[in-house]
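To begin, one chain is listed below as structure tokens, in the form predicted on its own.
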């Protein structure tokens, strides 16, 4: 069991999401930066889809009632293991598996870059699944509640898991980030130069961003048509443009449908970059032709 002594600004349990329910109005949710969660799970021998903890801007303190192998990936935080008794506190690293002894407390500082940090525990976080997923959905409220002080999380069994191995990946900084997009499906709703305007200069990430989407401030994108679309299906990475002309990049907790036109869709390979953008960061778009 893991006791949450402090969750930081915002922390949730996440796996790779509850897919296949969009026709029922259920978002997919899951880790905003899937690549980082998958890496953390591989480092401790878990299946990539095992549930872990997603921290927003660090700041958490987690107490371990039993010893466990863990790994921390994503936005890199200063990590300290505070051991019980006379043993001195120890600094540990990001991107490598390490042991946390029974009774010890793992403390997270603020990340040096990025926004979301992932903790995987060998055996996975074993909260009850909802519709086949243990993910917290901030939009619909499905899944476990966001972590609060005093919450206790069960850890699954480690029997039959793969051997622990180091699988280092180079850190990815979102500074000077570029998101590659495929135009459409509604780029014809904008003036011909809108895509060029989108890619002309960086946008700043708004403080109103969250797991639903990254809200951006910069050049306004002008429409060529009046009115609004009927509600239609949305995918993760859709760049939706409301009447303000300021684009929004949909993340893991985005709604299944929306009525504002989508000028382009961020490539799946770049979604982890979008997930790590913090308020005030700058991001550019580049266009990759769809045909």
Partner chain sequence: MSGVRAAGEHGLLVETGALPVSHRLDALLRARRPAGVVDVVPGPETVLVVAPGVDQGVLRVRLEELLSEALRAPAEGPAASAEAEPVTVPVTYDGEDLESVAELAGLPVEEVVARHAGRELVVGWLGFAPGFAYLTGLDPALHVPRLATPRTSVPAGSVAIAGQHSAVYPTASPGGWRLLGRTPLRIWDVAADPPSLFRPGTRVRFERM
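Numbering follows the first chain given and starts at 1. Here the structure is a predicted model, which means the values were calculated and not measured.
Same protein, other form: the form predicted together with its partner chain, not shown, and the subject of what follows.
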- [ ] Name the residue from 147, 77, 142, 153 that puts a heavy atom within 4.5 Å of its partner chain in the predicted bound form.
- [x] 142
TODO: Have a look at 63, 68, 39, 26 for me and say which one sits with a heavy atom within 4.5 Å of its partner chain in the predicted bound form.
DONE: 26
Open item on the list: So if I measure heavy atom distances to its partner chain in the predicted bound form, which of the stretches 119 to 127, 90 to 98, 204 to 212, 183 to 191 falls within 4.5 Å?
Closed with: 183 to 191
Open item on the list: Can you tell me whether residue 282 touches its partner chain? I mean in the predicted bound form, with a 4.5 angstroms heavy atom cut-off.
Closed with: no
Task: residue 231 within 4.5 Å of its partner chain in the predicted bound form, heavy atoms - done: yes
- [ ] Look up in the predicted bound form whether residue 222 has a non-hydrogen atom within 4.5 angstroms of its partner chain, and give yes or no.
- [x] no
Open item on the list: With the partner left out here, check for me: in the predicted bound form, does some heavy atom of residue 49 sit within 4.5 Å of its partner chain?
Closed with: no
